[in-house]
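Take a look at this single chain in structure tokens; it is the form predicted on its own.
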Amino acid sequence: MSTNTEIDADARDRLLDLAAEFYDQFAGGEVPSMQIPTRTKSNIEYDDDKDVWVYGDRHSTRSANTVTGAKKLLKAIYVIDFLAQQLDEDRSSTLRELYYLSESWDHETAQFSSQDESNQLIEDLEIVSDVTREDFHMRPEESGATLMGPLHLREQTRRGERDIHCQEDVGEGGYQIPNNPDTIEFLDNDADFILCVETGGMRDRLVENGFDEEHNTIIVHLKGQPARATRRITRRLHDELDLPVVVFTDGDPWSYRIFASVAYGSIKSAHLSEYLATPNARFIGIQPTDIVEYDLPTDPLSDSDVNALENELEDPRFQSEYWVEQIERQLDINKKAEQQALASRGLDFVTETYLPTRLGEMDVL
């Protein structure tokens, strides 16, 4: 296993190789440029060997033959210089800090006009260098996602190693997932499966009802659209501990996309699908059939909900027979429901009836 020092040195070398490539192009009389995969729904395809969604063959070119292109490459050089220095000093920064830090750069043209612009450039550098932003020592703002369950792990921190049991050594809030889960070593576990939960309210209900203890499950709080660290630790738990993964969300198109980002990868980070996505994850969220069967409290679909569902029917991640059937059923009943709607049948219904029934049908329980 590579040490942190070796990983940092490799990340720094790859970044500097990119800068050197721009210089070599310029010295050779070529217009400096770099190619980036087109990050659109039409340019993702399923990789049968890796069981994940990845970018296809379409690319866009960042070239200095236009003023706009030249500015983008200039900004890339400034960011590479900053990241290389950051790695040299074994320091880290947040994506937000990078945006503000550019205000101090000596060349005004290299400064970012928005955080979206700086975020996209970091993603570009990930793709062309084949190094993750975590290995650049770049952090998002805190996601606050947690896990709770029968898992004993060892975490590497700046103050040294610490061993933690994710039930016995944590409070009701659980163990907070670090920005880079690859610093974690799994020591031991008594888990039978992983349950990824969209909302904090439902996560708290499951913990209060002792679902993690009764069913030996690791409950991962996704906290809405899951951060990369959350998806990464889920993938590692699945692969390294050989645990099935199920994803429990609300019953609406936006929640289906939360599931898709866990299972299939997101369009935005398709270059990291093999690293972040868990292709064997299964959906256990509120289905249109559940809305009807349990007569759940609902809201009508909004125009944006309908549009999102119709788009999902064209999304390559939702082309299975199951998803087409569920989406068409939801459009037909014109309703959506939250996880907490299960409380209409009692606070214990979700842990005593709904989840055990669904998990039993999946042969997880």
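In this text, the rigid core denotes the largest set of C-alpha atoms whose superposition between the two forms falls within 1.5 Å. Start at 1 with the first residue shown and count on from there. These numbers were taken from a predicted model, which means no experiment stands behind them.
Absent from the display: the form predicted in complex with a further copy of the same chain. The rest refers to it.
This chain is displayed alone, yet in the predicted complex one of D169, E185, E117, D190 has a heavy atom within 4.5 Å of a further copy of the same chain; that residue is D169. Taking R162, K71, H107, K268 one by one, only a single residue has any non-hydrogen atom within 4.5 Å of a further copy of the same chain in the predicted complex, and it is R162. Although a further copy of the same chain is omitted here, in the predicted complex none of R133, R228 and P244 has a heavy atom within 4.5 Å of it.
Exactly one of the stretches 72 to 80, 119 to 127, 204 to 212, 274 to 282 approaches a further copy of the same chain in the predicted complex with heavy atoms within 4.5 Å, and it is 204 to 212. Contact annotation for M148: at least one heavy atom lies within 4.5 Å of a further copy of the same chain in the predicted complex. Among residues of the shown chain, D348 is one whose heavy atoms approach a further copy of the same chain to within 4.5 Å in the predicted complex. The closest non-hydrogen atom of R139 lies within 4.5 Å of a further copy of the same chain in the predicted complex.
In the predicted complex, a further copy of the same chain stays beyond 4.5 Å of every heavy atom belonging to N216. Residues are counted as partner-facing when one of their heavy atoms sits within 4.5 Å of a further copy of the same chain in the predicted complex; in 312 to 346 these are E338, Q340, A341, A343, S344, G346, in sequence order. Comparing the forms between this form and the one not shown on their rigid core, the Cα displacement of D106 reaches 2 Å or more.
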